[in-house]
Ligand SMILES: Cc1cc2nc3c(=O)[nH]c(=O)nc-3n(C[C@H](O)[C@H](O)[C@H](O)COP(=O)(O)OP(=O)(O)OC[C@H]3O[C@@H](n4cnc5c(N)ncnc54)[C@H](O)[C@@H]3O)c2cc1C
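One chain follows as structure tokens, the form predicted on its own.
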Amino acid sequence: MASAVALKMSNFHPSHHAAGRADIRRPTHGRVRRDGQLEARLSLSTLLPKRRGGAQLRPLACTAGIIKVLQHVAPAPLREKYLGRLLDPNYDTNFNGAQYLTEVQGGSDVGANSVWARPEDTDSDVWYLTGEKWFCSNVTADLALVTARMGHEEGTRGLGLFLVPRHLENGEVNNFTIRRLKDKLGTRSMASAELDFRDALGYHVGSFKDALQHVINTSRIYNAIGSTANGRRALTIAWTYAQNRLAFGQPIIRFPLVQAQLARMRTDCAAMLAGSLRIAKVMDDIELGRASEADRAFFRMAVNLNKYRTAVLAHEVIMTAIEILGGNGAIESFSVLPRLLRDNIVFENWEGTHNVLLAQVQRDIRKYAIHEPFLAHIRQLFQAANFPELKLEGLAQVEIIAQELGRCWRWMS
């Protein structure tokens, strides 16, 4: 135990651990203990990137995914063995998680993955993983969810989901090694690496479908919250600067074009937060058994669109903030905006690039007509609006989108 704690403490700057201790003492951490707490948890998680940076959010997202897998699909002995350590409120002794899915030949095409697993015997959940994972963030994690091929079946159907501990029962490091660290553009305070697995011990906990439901979708919501917080922090910096920066004898916030920029930024930030928390609410309803099939269909489309849209909007908000600061906006020592931009670029690629997400939405529309329950859900939200003008304008826009998607669906079908 002492050596594991020493290893954990040696890999990051002390400020990283100071921030981690503060985070884990917050109510944020305990809310993942029960289903139906995602909306409340993410409401608190918006403070993390806003105050300390996006790299703090990735381990929380990955740990939440492991907790969900243990709670919902993993064998009971694994749940008893690891769940308590993942929920431990003591930062120095708790476990944190990671997920290693990406391979060099696959990227977003997870079905092309080739890391393979062989069973210890026919009656055991213990398997041994061999191969290379190309992009492994939070690489010093205590536990990682790893996809590996279990047989000869191709595509994602042939992939299993494995829980891989960093340390074996005897205290030795599991049979994987860091080939090299990634020299990343953003989230640089969290180590990402390429890993080589050579008969690394792993416990079979599910399928790729389980990874998508409990891990990837969870991370996509966390990703959206991270982008939202990045945008909100950029707005705060730009708003404060505009009130204090004098030009041509007055604060620049008095200029109409600056006011228009700030208004657009504030609107985008409000939309990102409202949309992300709404989707988290639907995921809570799904986990608690309160969601209809229409709600599930809405979630399937919304979680992908929202991850894409929040990343794009946050990028635009940060770039606008840099413009408001002028030359100062590009100076690393003047404000956090350059780092926010770099971190947000990582958010734009983490858990699916824009093209991958939109292609998935297109496939779901073509195959399941998923746009129909999605738009029905949006109509209900506008119907409940208390502002008549907003209600009428929103419903009119929904009908325009419905007609366009309807034509596309008929053409694709």
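Keep in mind that this is a model prediction, so the values were computed, not measured. Numbering starts at 1 and runs along the sequence shown.
We do not show the form predicted in complex with this ligand, though everything after this point is about it.
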Find the only residue in Pro251, Pro119, Pro75, Gly107 having a heavy atom within 4.5 Å of this ligand in the predicted complex.
Gly107
From the list Ala200, Leu340, Ala311, Leu101, which entry has a heavy atom within 4.5 Å of this ligand in the predicted complex?
Leu101
From the candidate stretches 319 to 327, 253 to 261, 173 to 181, 133 to 141, select the single one in contact with this ligand in the predicted complex, where contact means a heavy atom within 4.5 Å.
133 to 141
Hey, in the predicted complex, is Val356 touching this ligand, heavy atoms inside 4.5 Å?
yes
Might Ser219 be said to contact this ligand in the predicted complex, defining contact as any heavy atom within 4.5 Å?
no
Examine Ser43 and determine whether its closest non-hydrogen atom to this ligand in the predicted complex is within 4.5 angstroms.
no
So, Gln37 and this ligand: in the predicted complex, are they within 4.5 Å at any heavy atom pair?
no
